[in-house]
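The chain below stands alone and is given in structure tokens; this is the form predicted alone.
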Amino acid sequence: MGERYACAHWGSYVARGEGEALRLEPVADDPTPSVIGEGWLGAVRDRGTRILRPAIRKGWLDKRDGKSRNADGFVEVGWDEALDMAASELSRVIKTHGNRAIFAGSYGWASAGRFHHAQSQLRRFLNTIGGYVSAVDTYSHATGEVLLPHITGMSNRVFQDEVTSWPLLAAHCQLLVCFGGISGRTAQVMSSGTSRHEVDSWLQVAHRNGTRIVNISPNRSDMAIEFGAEWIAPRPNTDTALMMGIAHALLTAGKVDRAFLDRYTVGWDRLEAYLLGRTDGQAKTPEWAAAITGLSPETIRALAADMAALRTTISLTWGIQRADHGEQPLWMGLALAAMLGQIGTPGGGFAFGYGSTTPVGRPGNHINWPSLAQGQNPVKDFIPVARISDLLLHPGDSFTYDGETRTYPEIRLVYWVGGNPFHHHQDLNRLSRAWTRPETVIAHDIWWTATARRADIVLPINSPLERPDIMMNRRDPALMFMEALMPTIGESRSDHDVFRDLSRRLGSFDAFTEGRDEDGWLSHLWDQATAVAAKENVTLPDFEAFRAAGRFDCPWTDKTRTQFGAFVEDPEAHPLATPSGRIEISSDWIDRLGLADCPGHPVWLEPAEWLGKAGVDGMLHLVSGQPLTRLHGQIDNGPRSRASKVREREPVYLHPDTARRYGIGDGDIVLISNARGRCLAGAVMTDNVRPDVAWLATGAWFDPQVIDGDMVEVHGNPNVLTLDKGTSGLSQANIAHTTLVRIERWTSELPALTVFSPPAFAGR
């Protein structure tokens, strides 16, 4: 018998011991294991936050009232009664309003297992009973998902698959210019799981090889200090202006590679005219950029000169485009790299996503492993993923997306599994209002998250440590059998078991199960994986042998990639899948859409909120990055995340000069506020952030309470403050990093948290 493994989006672990002595140790070949894993087991064992039995919200049970959905108690019931209610509601809504009235845009990172992938289970089930309104793209990089196909001919997934591999970057790059840094904090995670974390290791190799690293970010800690990075900290949301100032400096210094632009791009003439001010009367000089960014013209010119003189890679993290007009820095970053003429060279060019997730840039072959088949959704309505509140609040309104004008359907029932929109969505007070609109909300969850507390029918789901599964990630060499390591807590079941029982009630049991139980599905997926592997000349063991061994490492070639390499070598033989076959610095297709907030070439557009706007004196720019100690909001109840708090509140990082100006001391509780909301956080002093920035990680479990007549989120969730607006009419992505706030020391009594205790339960 081999080792017993547990896998998560933040790493892979070997199980040691049994029962209360069970512990998880990172696999031995992981060079830099995730901090997040230190809190996993404790979070799963936390009975104070686990959902132990099915529960029905009291206001819904008594009178089908949605108005009290944000503050109500629950009645625990048996599984049969809860499933009967869920099936009855689904049947009623479908019969009365049709499947267009069901929203199942579920979004989350519940499990790294291939079978117990919550959204796949939900979508498969709903497709057997007529479909649902879906959501497209991701909160992580939606502008890239929409924009990149138009300007590079590659989907976001393909583009990031083809990002120049770390070994080539480390060996050949002389200057690595990192917009948003490259952080080991964000590189802890990978959807579908990972067996290793190597981003910091590759940065160390590049540093030893003499690569000069420039970290352009409001947070110095977005690049580890041991890599000797220079820190340039422009005002948040002004990266596009900085890039344009650099571009203008290259133009006037005669450092633009026009031969490259002529052969490999289209539309340069329009961008050049804009940069020189011929189209709008404003040249995008370093002085112009300095006034916007808060940097000096000399800093901008010096960086431009160095980028032209050295083999340079321009790297953008995902976070850069999660801002108002987020398409623009992504597009301008690519255009700037094209101006340098180094695209297609090892160690030069443009990258999107280094460090945003661990395998971007990882060398090796990609194997497209099978996943649970979801079937076809008969309903064609969808929304961009970050437009949930608009959908619920404004049925019948139109919206634009990727060249189309569509209409929000009227949603009567929301079915949510495997995620928590009250973590990742913006303007949570607005979402709370929108959440009262549907007639019924059904949620599956492991814990009493904010979403579970705001559902009508709550079904308890077991954790990945309590059920078997298989980790298969196309960008990782290890296949692992995920053993059930502990008994199920309470009466929780898997999503699959829930949907089996619902499908039996709704007459789609055979279509949903195809005659297989959990073990049958795991074996079936392995059979499919065996056939896929054979096409790659890889022979997998039989399923029982794999299950007994626990791990199989595929032969993993050191295949490296150079972004745009084949295209640059021969653009006629390897044209891009754009209308021109080339990189589109200007896009006729986008231009014809006539979008004022996303014209046909990169432009500087003032964000809805930013520090350069008149009348914002005394305000700070809120940056809500990913946390170190948890995955988004997942396992915030675990001991590692809770140990990182300040007096049980999420830490907010402030420059010491800023703290002194507001009379705030290290460890004080502060009130952060704007017109959208108010939250408490614990102040931590650091000179690693700009003096006009407050850095508050996402993911503190949402805990709004009425204090002296005002609603205050008392735990430190930044999304009560963030702006719920699309980046543009092109991608409608979220703009979480476009937020201004005020800050003051909290002097009232500190309220107790409620989110780490169960909700109120009542009798019938």
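Source: prediction; values computed, not measured. Numbering starts at 1 and follows the sequence shown.
What comes next is about the form predicted in complex with a small molecule, which does not appear here.
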| property | result |
| --- | --- |
| The small molecule contact at D445 in the model of the complex, heavy atom, 4.5 Å | yes |
| Non-hydrogen atom contact H197 with the small molecule in the model of the complex at 4.5 angstroms | no |
| 4.5 Å heavy atom contact, T722 and the small molecule in the model of the complex | yes |
| Any non-hydrogen atom of F481 within 4.5 angstroms of the small molecule in the model of the complex | no |
| Heavy atom of each of T357, D495 and A736 within 4.5 Å of the small molecule in the model of the complex | yes |
| Heavy atom within 4.5 Å of the small molecule in the model of the complex - the one residue of T211, N219, T152, T293 that qualifies | N219 |
| Interface residue in the model of the complex among G638, G418, G349, G677, criterion: non-hydrogen atom within 4.5 angstroms of the small molecule | G418 |
| Candidate stretches 517 to 525, 424 to 432, 273 to 281, 559 to 567, one within 4.5 Å of the small molecule in the model of the complex by heavy atom | 424 to 432 |
